[in-house]
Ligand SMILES: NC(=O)c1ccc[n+]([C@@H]2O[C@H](COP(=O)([O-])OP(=O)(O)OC[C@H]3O[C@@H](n4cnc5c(N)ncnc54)[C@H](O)[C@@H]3O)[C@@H](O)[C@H]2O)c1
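Listed next as structure tokens is one chain, alone, in the form predicted alone.
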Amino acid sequence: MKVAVAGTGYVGLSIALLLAQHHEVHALDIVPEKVRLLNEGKSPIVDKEITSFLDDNTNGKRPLNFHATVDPAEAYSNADFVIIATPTDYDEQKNYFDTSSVESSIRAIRSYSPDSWIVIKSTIPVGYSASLRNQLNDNHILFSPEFLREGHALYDNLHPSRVVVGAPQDDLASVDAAHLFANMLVEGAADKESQRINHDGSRGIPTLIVGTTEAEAIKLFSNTYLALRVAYFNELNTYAESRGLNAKQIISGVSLDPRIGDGYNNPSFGYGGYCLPKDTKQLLANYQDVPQNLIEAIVAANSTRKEFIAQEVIKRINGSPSPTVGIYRLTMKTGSDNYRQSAIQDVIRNLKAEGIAVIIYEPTSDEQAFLGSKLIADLAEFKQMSDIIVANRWSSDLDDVRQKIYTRDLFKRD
């Protein structure tokens, strides 16, 4: 198969490399520097497995049929499948994902490849694919949600929890194409062998071919449940901190119940990143005219948590003359270079609204300032200048200034 992938972020690049093990893949991006790096075998994003795949391809250890390009004609012409993995940020004014990048990609694809199967991997509102098919009179559009962690995107594609592809169930050609695409994803996975045993006793990677609207709902409801878990344990931590209780002991005891488990239970400053903030808000918007209380509460709880964190930091510096708060990393997770929608940003805004001086240590940024606060490139200088250091996640880099640290990272993991 010839496969084109529009977008080389976490989603697009991880899918491209997964499929390039068995198919001819052309990854399209509008940034020439990213394309140059990829064709030189260098990853433009922080992801251990992506870096390893590109290194192995360069060294001949793992040959990949992969090429990056800025030329849409080269990527799209005669492609069997075109995967759209462009960003769809949530528009706060419209209460809707900004899907313009998806629509512009489809226009470009159809100008070079009128009959290829288009698979949307970008996160979109519930009902969007069906609306698009009708609006464009294009019955070659599918939707396949991704379930990837930041910094572990290729790993999660190699070891997927499930593969979901959405196609109209009354369109046999679309259903067949959905099965073919699902098989291509499974083909590239590292644990596709039948010895994988799932919780229900079945073997292999669970694969679901469902309606496009149901596939879109699976994505949003999955991420909203994860956001609920984060918000729940954060509110448990807020209670424990407010009452002088040992939150780690409480969480450990609660999580030993197998019905609850210990996933997504490590307190933080709030959920953030590429998916959870926008997906929860989009799902809430999709609930218009549908009764609900819980979805709205999840969104509100995240804002409350960040306000609480800022106030706790302020309590700890009260009485200090002209205190400086140091923010250790803007990134959400260890081993990541992404800080889009990171929870710490709202904590910074809340602190600055109270007139608190803030400096930031973020080694992945080339900027001089962020949110009006100075970025300090030298870690030793940052530690010396900070009266208190606020860290969403612990690092051994902070061991020597442990007495300055404010964090809610109880288990020292993401």
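From 1 onward, residues are counted along the sequence shown. What you are looking at is a predicted structure, and each value in this text was computed from that prediction instead of being measured.
The protein also exists as the form predicted in complex with the named molecule; that form is not presented, and the subsequent description refers to it.
Note on the interface: of 116-124, 281-289, 254-262, 302-310, the segment with non-hydrogen atoms within 4.5 angstroms of the named molecule in the predicted bound form is 116-124. Relative to the named molecule in the predicted bound form, residues 21, 42 and 68 are all farther than 4.5 Å at every heavy atom.
For residue 332, no non-hydrogen atom is located within 4.5 Å of the named molecule in the predicted bound form, even though that partner is not displayed. None of the heavy atoms of residue 80 is located within 4.5 Å of the named molecule in the predicted bound form. In the predicted bound form, the named molecule lies farther than 4.5 Å from every heavy atom of residue 49. Though the partner is left out of this view, residue 11 does reach within 4.5 Å of the named molecule in the predicted bound form, counting heavy atoms only.
Out of the listed residues 275, 343, 167, 164, 275 is the one that sits within 4.5 Å of the named molecule in the predicted bound form by at least one heavy atom. Residue in contact with the named molecule in the predicted bound form (any heavy atom within 4.5 Å), chosen from 268, 129, 157, 105: 105. In the predicted bound form, the residues of 1-34 lying within 4.5 Å of the named molecule by at least one heavy atom are, in order, 6, 7, 8, 9, 10, 11, 12, 28, 29, 30, 31, 34.
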